[in-house]
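Taking the form predicted on its own, here's one chain by itself in structure tokens.
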Amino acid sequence: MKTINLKLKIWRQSGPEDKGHFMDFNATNISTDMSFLEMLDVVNSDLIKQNKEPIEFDHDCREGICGTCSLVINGSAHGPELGTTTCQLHMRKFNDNDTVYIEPFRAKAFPVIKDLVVDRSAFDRIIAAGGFISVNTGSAQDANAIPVAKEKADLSFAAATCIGCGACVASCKNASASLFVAAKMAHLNLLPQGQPEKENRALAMVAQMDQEGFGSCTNTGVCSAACPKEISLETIAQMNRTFLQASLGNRPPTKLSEGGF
């Protein structure tokens, strides 16, 4: 079994009001078969044995599907491997005696709770604003009751793979949440069940995104590159088109003499 030693520079912050700082740690005899979070577990075990406060970080499923493991590793959201969450990043991607910087996702809308843990409840409020379909629940419909074109079904499924981790926000120079919001819109808007509320959904979710303090999208593409589920930039284009249509549809009628079209 191959092992490596690492020099870690980990962000420590006691709370939202604390300025925070990097602190040096050593990770020794780390198996290259470990995941990144397992490596942090080893570091925390050593700290606990020394009666020192362990490093706070988020995790849940550790299977790459929940989006909880939000860390910036050497300046990249989720680390150096594309299409991968932090919990699925393995230590074989690092070399012996590497220096690794570990910090929380940075965004005004993601305030630091402690150390590497941030508050991403802004995403929950965006979903609550319109990321749903208002229908009465009941027994499951027949599979063929509402035909869905395969192309749209595939595009909807691709958008639905968004795990809401926030890597798009952390990687964007403007801390924009456009990719997240667009994905959550697209997987509903592309289906027949999502059509009746399509425009209201766009208006409500974009308004909530702005209210939360996320920045504007300038189409640099880093959000899609950092996304562990590789959500396409096309979803943002779809969101913008829907939002524009909804905005024009909800605008009071303007006469041609007043500059209308």
Partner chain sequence: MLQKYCFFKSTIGRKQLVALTGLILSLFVLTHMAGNLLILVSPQKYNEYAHSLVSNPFLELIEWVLLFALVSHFIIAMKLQINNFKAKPQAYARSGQGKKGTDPVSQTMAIQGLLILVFIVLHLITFKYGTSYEVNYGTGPMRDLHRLVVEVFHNPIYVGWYLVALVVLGLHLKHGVKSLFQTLGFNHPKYQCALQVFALLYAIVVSCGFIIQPIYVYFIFQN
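Everything numeric in this text was worked out from a predicted model, so none of it was measured. Residue numbers count along the first chain shown, from 1.
The same protein also has a form predicted in complex with the partner chain, omitted here; what follows describes it.
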Original post:
Which of Ala186, Cys162, Cys172, Ala122 has a heavy atom within 4.5 Å of the partner chain in the model of the complex?
Top reply: Cys172
Original post:
Only one of Cys69, Val43, Ile236, Ile231 has a non-hydrogen atom within 4.5 angstroms of the partner chain in the model of the complex; which is it?
Top reply: Ile236
Original post:
Does every residue of Lys2, Met91 and Asn95 put a non-hydrogen atom within 4.5 angstroms of the partner chain in the model of the complex?
Top reply: no
**OP:** Would you check, heavy atoms only and a 4.5 Å threshold, whether Phe243 touches the partner chain in the model of the complex?
**Re:** yes
**OP:** Using a 4.5 Å heavy atom cut-off, state whether Ala225 contacts the partner chain in the model of the complex.
**Re:** yes
Subject >> Trp11: touches the partner chain in the model of the complex, heavy atom cutoff 4.5 angstroms >> reply: yes
Original post:
So, in the model of the complex, is Glu103 in contact with the partner chain at a 4.5 angstroms heavy atom limit?
Top reply: yes
Original post:
What residues of 194 to 226, in sequence order, lie within 4.5 Å of the partner chain in the model of the complex by heavy atom?
Top reply: Leu203, Ala204, Val206, Ala207, Met209, Asp210, Gly213, Phe214, Gly215, Ser216, Cys217, Thr218, Asn219, Thr220, Val222, Ala225, Ala226
